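As a starting point, one isolated chain is supplied in structure tokens, in the form predicted alone.
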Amino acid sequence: MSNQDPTPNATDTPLMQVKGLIREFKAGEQTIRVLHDIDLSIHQGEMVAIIGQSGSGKSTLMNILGCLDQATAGDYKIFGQSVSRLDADELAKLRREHFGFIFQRYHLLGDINARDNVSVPAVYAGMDGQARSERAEKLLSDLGLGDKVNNRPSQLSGGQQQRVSIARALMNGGDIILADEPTGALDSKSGEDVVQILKDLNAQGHTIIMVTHDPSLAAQAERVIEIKDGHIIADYKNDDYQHAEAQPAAVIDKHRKSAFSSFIDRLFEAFKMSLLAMRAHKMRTLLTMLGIIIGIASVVSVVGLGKGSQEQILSNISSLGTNTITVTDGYPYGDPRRQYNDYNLTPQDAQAVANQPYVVSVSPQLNSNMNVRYRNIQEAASISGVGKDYLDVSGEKLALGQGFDEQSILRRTQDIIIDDNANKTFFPDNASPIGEVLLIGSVPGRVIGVLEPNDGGFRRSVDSPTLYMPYTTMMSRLIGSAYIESFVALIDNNISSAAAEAAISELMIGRHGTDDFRIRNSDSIRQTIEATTATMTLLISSIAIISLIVGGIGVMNIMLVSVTERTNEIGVRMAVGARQSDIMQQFLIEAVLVCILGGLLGIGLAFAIGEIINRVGGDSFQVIYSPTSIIAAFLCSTLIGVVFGFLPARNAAKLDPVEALSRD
């Protein structure tokens, strides 16, 4: 297709020239020929009336002359260039820069006021915003509508609407005015006013082509072309035609914005029209967004729930100590040597590990169950022998009193630390049990500290009272053993947990000559839980994404309905020069806006759901929102708008202008 911009030739050359023009339409399996071998020339500055009865083909001829329709066969030249060589956007450029259409049914856009209706062609032409607003107001003022610029079409009479239509036709210059039954829907007085306006425009140099079935209206034209059954049966000058007094044509500011500025201007126009369309159909817009809202809310909430669960579990793990490695006596599970296993783990092993540069602290440990008595209260309790750094490696916190020190270990003191369960069991009415003495079996112990409640921890039983004492005291005074059951090493956070585990394993094998021990790395537990919760979150999010896809299909269906409902509007925009990209852009923006708004509402709903869960869950469970998931959800909703809005937008852009204009 040629990209040349057709321009008028010399005045003796026909402005429009049609040769052998044929137009046929499919009607089922039949083909109906509406125009038969039309030959016609129209010169610049003429006022031509095409007259004929309904069905004669006059409107079809006008649509072809106005580049709204194309001939089946034959040649049509305008400004000396064949129209058949032009693509859709080049035809739109012709309509935008040289044609002005006046329709019998006005075809004004109902959601915008008179000024904006008149300005629409200039938007697509790239005229400066202030310049087009001033010109639109001047045109309306010249046509007697200076006080109606802010009125919508529904607030105007038929005659006033037709004047707005005329002003729109003149907005970009309107070298050629095509009027289809311009007085057909008007009363006599309004009809006379419109005809006089057309005569005045002709006197200013505009070429007027008027289609009518009214002989009295045709008689007021300079030239009359009569069509019957698709044939021109008469083409004559009107001897009674009286030329209006010549008037100078209005000077139009042809200044255009840069390509980028023009694109931004059209984008803003499309954005404004999309907002108006959404406002005009609030319920439909809300129903369209519903699937997106639910999908986005589901994704954000599920990710928040997964993140909250993960943090809660990891917090519980942290109560055991952060980045710890536990070495336990005995061959690994499943090893046949376990049946021959003797106690092999010693405090010296724990000290050897504590001496390593990557270890912060170590606490040996051994456990036993014994009866504990305080006055007339006796209960079975868990007794744990621990080192001076137990609180550091375990993450436990003291509520009262103090912990063990180096002297406690060396002197094998009979000091004990009790947990919250033991405090409630043995001292239910005592505000501070510090200094009280408990009888552990037959060995007395003095309470020097009380631990904070830790119901969520993994190390201590929720119900059983637990007492802690120096491991040396427990080894010598309670169980009479030289061995420990395990020790817990707190690893420097700057050191890889896996590397530390390998180093400790190598050290222990070097000391024992065999792997008669088991190692548990808390970081591996953390990684497993993180991987598990991530997998569960991904699984549930995938289900939520399905609802997003369903919502996207809903957007597409509603947008297809919207295109059908607004077909006439699309036809009007094409008639005044909108490119296919302009039409596609408008409907894409509307789809994206619906999805973005739905995404924002979905995120808001997710926050509301999270707030409810947080209030119900209290401190034990919290929904933690992930900024990444929120951003991803927002981008996802935008992408859905683009993907599922493309087909309706493309369908709108590919509509035939004539067919679009003919639909109500």
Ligand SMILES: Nc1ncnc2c1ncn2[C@@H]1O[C@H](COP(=O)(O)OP(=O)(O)OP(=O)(O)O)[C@@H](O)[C@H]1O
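Model, not experiment: these values are computed from the prediction. Numbering starts at 1 and runs along the sequence shown.
Missing here is the form predicted together with this ligand; even so, the following discussion is about that form.
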Can you tell me if residue 213 lies within 4.5 angstroms of this ligand in the predicted complex, counting non-hydrogen atoms only?
yes
So in the predicted complex, is this ligand close enough to residue 629 to count as touching (4.5 Å, heavy atoms)?
no
Contact with this ligand in the predicted complex for residue 55, defined as at least one heavy atom pair within 4.5 Å: yes or no?
yes
Going by a heavy atom distance of 4.5 Å, is residue 34 a contact of this ligand in the predicted complex?
yes
Would you kindly say which of 128, 226, 97, 181 lies with a heavy atom within 4.5 Å of this ligand in the predicted complex?
181
Of these, 633-641, 599-607, 58-66, 38-46, which stretch puts a heavy atom within 4.5 angstroms of this ligand in the predicted complex?
58-66
In the predicted complex: members of 390-410 within 4.5 Å of this ligand, any heavy atom:
none
